[in-house]
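Below, in structure tokens: the form predicted alone, a single chain.
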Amino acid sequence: MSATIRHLWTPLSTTPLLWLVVTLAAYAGGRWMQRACGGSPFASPVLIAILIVGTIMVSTGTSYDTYFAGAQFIHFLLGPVTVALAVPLAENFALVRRHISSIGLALLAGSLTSVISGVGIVWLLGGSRSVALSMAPKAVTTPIAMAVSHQIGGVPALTASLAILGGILAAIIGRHMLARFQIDDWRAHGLAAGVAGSGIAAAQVAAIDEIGAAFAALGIGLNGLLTALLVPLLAALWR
């Protein structure tokens, strides 16, 4: 970082809300870039914001603890936003109840596929047991994934990174992959986003279709519960 930029940055870095502003500005820039790209899902605003904020942190030598101290209000909002997904679920509970058997089968298939494929990829590439255990709960929302990873002997930080990356990928390619297979039912789109543990994809579905939002909320909640029960059991058997 040049002396001029350092001279300007040093007084700003002590401002408590600096990183909150930087994060919001980076996301706004990501939204603008996505619109400039014609709404392409590959121009994900979340991914763009991560790259912008990460570049600024590395360039200025800012630690994660410093960043989090300024941007923790966004972290706080993750809880209320996740809980808010229960609103469309409650409003469409009768519809969900009518499809509970098919939902259960899809949930079990999705959860098992995620766990087995994640561990299998690490095993085939010669990875360690701790990395494989870190991969196992990657397809659930990040707080649950980190807790499960810690319980079974994985690396929670690695699991968090994999869960976030998986959520972004699900948001980028999920809808288009389902559309390619001519699946246009928003119940399927929502459940797929939820079972993938992608809050980003769930938010995209929720913005388009209320019923899809209900199934996304259901998928996130039930997949988190199933994974928290299933992965420790499979890890114990692996020993």
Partner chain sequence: MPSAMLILVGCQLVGELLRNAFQFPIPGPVIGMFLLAVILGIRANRTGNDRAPPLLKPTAEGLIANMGLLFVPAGVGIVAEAGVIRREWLPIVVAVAGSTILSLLVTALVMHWTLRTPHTSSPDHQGDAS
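No experiment lies behind these values; they were computed from the predicted model shown. Note that the rigid core is defined as the largest set of C-alphas that superpose within 1.5 Å between two forms. Numbering follows the first chain given and starts at 1.
Although it is not shown, the form predicted together with the partner chain is what the next lines describe.
Query raised in the report: Is residue 133 close enough to touch the partner chain in the model of the complex, meaning at least one heavy atom pair within 4.5 Å?
Result: Although the partner chain is absent here, residue 133 would stay clear of it in the model of the complex, with no heavy atoms inside 4.5 Å.
Query raised in the report: Using heavy atoms and a 4.5 Å limit, would one call residue 143 a contact residue for the partner chain in the model of the complex?
Result: Because a heavy atom of residue 143 falls inside 4.5 Å of the partner chain in the model of the complex, the answer is yes.
Requested in this report: Indicate whether the partner chain has at least one heavy atom within 4.5 Å of a heavy atom of residue 43 in the model of the complex.
Outcome: Contact check for residue 43: no, nothing within 4.5 Å of the partner chain in the model of the complex.
Report task. Mark residue 32 yes when one of its heavy atoms lies within 4.5 Å of a heavy atom of the partner chain in the model of the complex, and no otherwise. Result -> So residue 32 does not count as contacting the partner chain.
Query raised in the report: For the stretch 48-83, which residues lie within 4.5 Å of the partner chain in the model of the complex by non-hydrogen atom distance?
Result: Those in contact are 49, 50, 53, 54, 57, 58, 64, 67, 68, 71, 74, 75, 77, 78, 79, 80, 81, 82, 83.
Query raised in the report: Once the two forms are fit on the core, has residue 109 moved its CA by at least 2 Å between the shown form and the other one?
Result: It does not, since the residue 109 C-alpha is displaced less than 2 Å between the shown form and the other one after the core fit.
Report task. For residue 25, state whether the C-alpha moves by 2 Å or more between the shown form and the other one after rigid core superposition. Result -> Shift of 2 Å or more: yes.
Requested in this report: Work out the direction of the Cα-Cα change for residue 147 and residue 50 in the model of the complex: closer or farther than in this form? It's 3 angstroms or more.
Outcome: Closer in the model of the complex, by 3 Å or more.
Query - Change in CA distance between residue 147 and residue 81 in the model of the complex, which is 3 Å or more, as closer or farther - result: Closer is correct, given that in the model of the complex the C-alpha spacing of residue 81 to residue 147 is reduced by at least 3 Å.
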